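To begin, one chain is listed below as structure tokens, in the form predicted on its own.
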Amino acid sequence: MTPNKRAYKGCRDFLPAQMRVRDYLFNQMKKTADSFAYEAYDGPLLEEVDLYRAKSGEELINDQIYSFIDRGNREVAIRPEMTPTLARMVAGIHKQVAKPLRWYSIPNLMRYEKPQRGRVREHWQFNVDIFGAPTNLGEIEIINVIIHFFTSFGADASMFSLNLNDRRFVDAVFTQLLKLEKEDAYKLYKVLDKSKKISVEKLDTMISEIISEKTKQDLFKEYLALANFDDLVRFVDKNKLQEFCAEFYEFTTLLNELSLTKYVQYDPTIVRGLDYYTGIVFEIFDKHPDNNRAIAGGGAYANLLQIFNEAPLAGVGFGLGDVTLKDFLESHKLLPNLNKPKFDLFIAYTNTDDQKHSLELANKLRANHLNIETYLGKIKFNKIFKLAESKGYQFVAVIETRDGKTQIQIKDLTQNTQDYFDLTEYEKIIQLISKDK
């Protein structure tokens, strides 16, 4: 049987043109993490399935992971997410290191999902987490990281919003106002998470299946209707829930003091699907009408290490996939033109006798941190500049020996100018082609 020339369904080949985009996105991720002094980490591509059973939901275990029995009869999986690996690593070292821990990674992940816009089976994800920060300060820093990251591409508050909620407040609504038992509260969390994706009739039915009393149904719908922080404050005061919102109020005060509120929107339906979130939770939404969807999410957690019988440790983090990020940037026309590679100089020669001079010049320039392409073999003069332009070069060097004298012509294709140098004047060549770097 002839092998398939296409990549496995839901996965992508990265030819040089696609790699330029991926490298650009990854570099922006690394720059943002570095600017907040976060350190890179990574873990194995394979983990034991029990690690995901201890932390993740049944849907992931039953439907989404790529798992198999290895030759040692162990049940392992290609990692579908990074958080369990992160938890395992932090659990092993956090007692011996200074806090807060600031870590980031860009792991390759795989889930067996139906490929669609913004979702594939294999992707890379920008994960940023902080452990052991004082109350609210870790949350503020992570939100600062997110906003800094998106604005580094040229995005502004008209293009994205950070919609957030507080699980402590939601817990108070469910237990203090609605008087729900733990099982019913869990079911209502699921309804809350789906509330914007289903019809009003379906939502009413789902609510009535959990809450039988009409007054409590109305109270829950009143909570669902909260549209901003002012509505939240009125609801809290009306229902005397101030003690459950003290830290949330301090958090929003910090947001306001740092002038971050223009990016932030209160949303009562944000609860996040994973069970370990214990405080602030958020999702980043693309406001573009062609891509109006959540593109990233995260929140605060204190119980992540409990699967390893470790004491609670305050943590906050977020994850952002490369596919949804690219969709966001393309929707808002923020992705730069990366159709051609960006190298410094294209060197060619028209006579075989100049081959040595070409290779020597290239090596001297590379030793000075320039990126040089040499044309391998002689080429006709009238073909050199057209070829270099098709490759995206601004500067072209043509080496020619005439009457026993070797000369280097450097042409700037952008400015349509040329300069001439002797073989020994490579420092002047460096100065010329580096002037705009």
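All residue numbers are counted from 1 along the displayed sequence. Since we're looking at a predicted model, the values are computed, not measured.
Absent from the display: the form predicted in complex with a small molecule. The rest refers to it.
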Among 358, 83, 252, 195, which has any heavy atom within 4.5 Å of the small molecule in the predicted bound form? 83
Of these, 174, 266, 244, 318, which has a heavy atom no more than 4.5 Å from the small molecule in the predicted bound form? 318
Among 230-238, 113-121, 176-184, 337-345, the region lying within 4.5 Å of the small molecule in the predicted bound form by heavy atom distance: 113-121
Distance check, residue 297 to the small molecule in the predicted bound form, heavy atom within 4.5 Å: yes
Indicate whether the small molecule has at least one heavy atom within 4.5 Å of a heavy atom of residue 323 in the predicted bound form. yes
Contact with the small molecule in the predicted bound form for residue 220, defined as at least one heavy atom pair within 4.5 Å: yes or no? no
Tell me, yes or no, whether residue 149 is in contact with the small molecule in the predicted bound form, where a contact means a heavy atom of each within 4.5 Å. no
